[in-house]
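Below, in structure tokens: the form predicted on its own, a single chain.
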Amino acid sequence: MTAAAETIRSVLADLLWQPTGPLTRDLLLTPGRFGLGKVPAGKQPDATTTMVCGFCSTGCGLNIHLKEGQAVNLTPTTNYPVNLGMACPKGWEALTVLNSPDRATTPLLRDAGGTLRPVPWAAALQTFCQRMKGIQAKHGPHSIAFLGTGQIPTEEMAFLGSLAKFGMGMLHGDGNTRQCMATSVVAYKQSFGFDAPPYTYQDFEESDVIVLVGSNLCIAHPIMWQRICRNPHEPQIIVVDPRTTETAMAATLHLPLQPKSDLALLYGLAHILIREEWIDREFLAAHTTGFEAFAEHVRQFTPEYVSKVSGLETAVLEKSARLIHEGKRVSFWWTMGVNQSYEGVRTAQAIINLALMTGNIGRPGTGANSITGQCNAMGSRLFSNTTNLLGGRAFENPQHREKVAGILGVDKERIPTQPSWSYDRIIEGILRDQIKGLWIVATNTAHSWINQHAVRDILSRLDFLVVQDMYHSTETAELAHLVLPAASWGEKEGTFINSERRFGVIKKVVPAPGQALADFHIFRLIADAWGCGEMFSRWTSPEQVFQILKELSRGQPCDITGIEDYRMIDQRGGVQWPYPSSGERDEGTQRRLFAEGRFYHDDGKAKFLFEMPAEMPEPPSEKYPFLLLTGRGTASQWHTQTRTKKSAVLRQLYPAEIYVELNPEDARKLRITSNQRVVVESQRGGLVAKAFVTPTVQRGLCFLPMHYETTNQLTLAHFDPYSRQPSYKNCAVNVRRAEVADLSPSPFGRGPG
């Protein structure tokens, strides 16, 4: 038996279903942990264990109720410091969505006739290695790449990035966090010196002024909105959003600005604050650089000018600035309305600048706070080894490469001296015949990537496409040459890092179906089959990799060397980074950054960064007179609905068919009524949707939820120049009544949703 075959045999034997995974089993059998005492050998008790949810970045604690050691139900954890006994609809259905007939249960290989057929793991691994190595031999070592995710545990991300780059010789690999968080990452790194969201969720309850920019918190992060509802200070809530969202309806002041005028608006608020001397000169002098140049820059953004650009009255601008000034504890928050923009980095930094100039950072209830999207986007940002070297380091830095090589015990020459291409450039590399093989892990590129028709055509040009996912039915898996069946949340172990930098543990509480394996074990099998298994001989379990990640974090702003093990994380209700092994550290459950006013640049100061607003790449025109906005639809939908549509309960909580929101005046001119079918079309494609006529959308705008398959057939592939994040929130479209021909099967590709 070959070494690779022996590894396959041993891994599959190890992964035969046990009623609970090692961590959960250990915790359940620990006297006093759940009041169980000892149990007879071979029997599993009915009990409860806690783990974090696997949907969004909030990172809620869930009690998993076990019968004979297997999960049968769940409830929100009442004493978990994140959600305090609350859960959104997705969290309640987190176990249900695992049970679906379209789960990938065995490897699938496309045959000569174009059909995906089941094959043994040994054959799948052999094909993976032969095809990928063959591409490298023919086209060069960097002709294969990977696209990862913010949906798998930190330890698996680190394994994927290290295996691909150090073991398989790839240079290029990025994650789908490029679609949601790249803007905030770059903004923080440039302004603070490190990717460091400074806040804790407790700040929602301690602010007396809360500014939400491009964030429909009620829908996208309902548990965070509940934290605002618990605020005892009757806070002023300022919502900056073109739409009258559910969050805007609950605000004390809604600023319905024109789309993509947010950068000018934020500079205008800074102008008023400086004009009135409503700034913290002492803090600015001691802890920042570049303020005087910024003050000169915003002199031109007078209330009159900003009013003209944004459509907001000057009195509203003055009132907003005054509310910020009068607040004792002002917190600024943003999500995808800022991040998914062609000038998102500078917009995020304009928010950061407001916090800095008013001294609203490092104190309870303050901060310039980006809210993450995916459950483990923060893990991806720090440890996926894509465009950053492990632990938030730089590939270009020889000291960083040497440090990582020493910790991992690998030849430093194996570590690339440059970062990967970003997601969009990897896709472009396929189009240019530079990338011929692609490995996609736990993301649905063919649905979620901007300008969907183009990306599907591009993926079809690959010599070899491997998709590793929990479902064989995703739009991307349907294009694959090889599908590798992966376990999901609840079927494996590891850690997630939520928006407030909190490590939380996930546990194996249900079996993965068929021959599906944890991504961690798939990576282990591929390492051995590729011939680089010895390089990862210490990577024997997720918790062992966590110990390696601790060493990789040592001395970094994200130092977690003080976290002992998974048990400590579990018992403490999560642990926020930094948590070093020595030096001063806050032992509380809620911990924020920059309390001492020291940032991560060499001089210890934050930087003011700014530039002039850019023109919209594709403004409305005579042929395409509407501006399309996209975003979250309901609290029951998640991204491409790969999981949420598997729940009958969740499907009842959102429209089954794609819909477009239109202003009543626009609808009247077009003779469109609610529930009527309409065509929405851009230069890139069209779709049929139901009309929803509502005053929550301004005239000249329309809104499509991002969750439906056809939405990204319309979007324009344009990107922030610094973060390379796609700008999903704006493109020109036309809306018209649907004719009979439009309703024929699949007039616009794959049909209406």
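If you're wondering where the values come from, they're calculated on a predicted model, not measured in any experiment. From 1 onward, residues are counted along the sequence shown.
Quick note: we don't show the form predicted together with a small molecule, though the next part is all about it.
**Student:** Would you kindly say which of Thr474, Ser420, Asn360, Asn369 lies with a heavy atom within 4.5 Å of the small molecule in the model of the complex?
**Tutor:** Selected option: Thr474.
**Student:** So which of Thr183, Ser553, Ser384, Ser215 reaches within 4.5 angstroms of the small molecule in the model of the complex, heavy atom to heavy atom?
**Tutor:** Contact with the small molecule in the model of the complex is made by Ser215 alone.
**Student:** Examine Asn712 and determine whether its closest non-hydrogen atom to the small molecule in the model of the complex is within 4.5 angstroms.
**Tutor:** Asn712: contacts the small molecule in the model of the complex.
**Student:** Using the partner position in the model of the complex, report whether Ser331 sits within 4.5 Å of the small molecule, counting heavy atoms only.
**Tutor:** Heavy-atom contact with the small molecule at 4.5 Å: absent for Ser331.
**Student:** Would Gln151 show up as a contact with the small molecule in the model of the complex if we use heavy atoms at 4.5 Å?
**Tutor:** Yes, Gln151 lies within 4.5 Å of the small molecule in the model of the complex.
**Student:** Find out whether any non-hydrogen atom of Thr443 is located within 4.5 angstroms of the small molecule in the model of the complex, and reply yes or no.
**Tutor:** Thr443 belongs to the contact set for the small molecule.
**Student:** Residues in which of 652 to 660, 164 to 172, 283 to 291, 332 to 340 have heavy atoms within 4.5 Å of the small molecule in the model of the complex?
**Tutor:** Of the options, only 332 to 340 has residues within 4.5 Å of the partner.
**Student:** State yes only if every one of Thr495, Thr561 and Asp570 has a non-hydrogen atom within 4.5 Å of the small molecule in the model of the complex; otherwise state no.
**Tutor:** Contact check failed for every one of Thr495, Thr561 and Asp570.
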